[in-house]
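Below you'll find only one chain, the form predicted on its own, shown as structure tokens.
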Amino acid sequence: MLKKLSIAALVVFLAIWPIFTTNPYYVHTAVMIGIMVILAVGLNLLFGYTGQISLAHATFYAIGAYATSLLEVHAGLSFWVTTPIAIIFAVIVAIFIGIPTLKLKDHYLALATLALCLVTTLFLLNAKWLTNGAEGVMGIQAPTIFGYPLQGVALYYFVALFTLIIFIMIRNLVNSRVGIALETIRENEEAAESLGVNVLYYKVMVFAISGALAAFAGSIYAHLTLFVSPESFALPLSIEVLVIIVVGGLASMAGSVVGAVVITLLPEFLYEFEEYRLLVYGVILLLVVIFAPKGIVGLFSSFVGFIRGKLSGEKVNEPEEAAEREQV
């Protein structure tokens, strides 16, 4: 009951807070948080729930941004047409790449997806005939709905709505039989195969879903900034999304949201250290892995479980033991 009330309160807050702010920068930051939540949910599904580490998230983010931008600028198509095309293209690429790549495991898979991310950056920089190289793509127009442009607060509500829809859909997926199959693959692929789970099928399916979500986020980003360039889709972005899900909590839907909020807002407090961003992310990741391997959400869950155990008079030696009764 308390969890439902908390979720309801959060939804109400997200719905009304733009009414009380006139600063467009705050709205822009809120939209970016929504974009990062979508990215994090997709990667958490792949890495947290299925155990397939990927550093290619920026690739699908770039596909979404560039596909929708180029189709709009050169073909004159609208956001509502280019975005589905970009998502379909990202899914095709994910399936084409995923079938051979996802046969790899652990650090071999990480290296393969790292290579894909680096190749994507080089392509965006050197394929000037298509991407305009380092100068990027300009001339992107804000999407409209019934003639009303989705900018500022309107874009915020659009992103908030779709972020909520995606969150619910992925949460239902991981709580279904598919989610059980994914967790079985994460724990032991050989055991999953012995139980009749088509391991490669599920891994490619999740890779495609993750790529589709990243492409959708990329399309939104392009129409938020109205300009795209290669530096926005380089390796640091993939690392940032990875840090988000680790800091928030692997295999936790709430962790994707909490991590996205924390990591998106963190640079606002570390503006003077912008050039050391990757170093800061590395330190944060190291500290979380050592002291809070379940992330912020897992740490909070453990603390709540520990307090409940104390208040109820149960003998609980460690917070982690109480956390076993908590479902985040």
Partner chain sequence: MILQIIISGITMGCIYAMVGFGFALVFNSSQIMNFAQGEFLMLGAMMHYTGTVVLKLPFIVSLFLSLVTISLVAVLIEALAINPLRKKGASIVMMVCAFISFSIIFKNLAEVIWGKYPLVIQGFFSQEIFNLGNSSIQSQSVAVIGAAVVSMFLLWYFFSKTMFGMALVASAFNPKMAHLCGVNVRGMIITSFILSGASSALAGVVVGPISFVSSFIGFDLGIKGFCAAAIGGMGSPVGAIIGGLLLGLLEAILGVYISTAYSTIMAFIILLVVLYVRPQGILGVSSR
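Please read these numbers as outputs of a predicted model, since none were measured by experiment. Numbering follows the first chain given and starts at 1.
Heads up, the form predicted in complex with the partner chain isn't pictured, but that's what we're talking about next.
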| property | result |
| --- | --- |
| Region of this chain that lies against the partner chain in the predicted bound form, out of 149-157, 245-253, 130-138, 218-226 [heavy atom, 4.5 Å] | 245-253 |
| Contact test in the predicted bound form: residue 107 vs the partner chain, heavy atoms, 4.5 Å | yes |
| is_contact(residue 235, the partner chain) in the predicted bound form, heavy atom dist at most 4.5 Å | yes |
| Non-hydrogen atom contact residue 83 with the partner chain in the predicted bound form at 4.5 angstroms | no |
| Close approach of residue 300 to the partner chain in the predicted bound form, 4.5 Å, heavy atom | no |
| Check all three, 111, 126 and 279, heavy atom within 4.5 Å of the partner chain in the predicted bound form | yes |
| Residue (of 93, 73, 164, 118) lying close to the partner chain in the predicted bound form, criterion heavy atoms within 4.5 Å | 118 |
| Stretch 150-176: residues contacting the partner chain in the predicted bound form, 4.5 Å heavy atom cut-off | none |
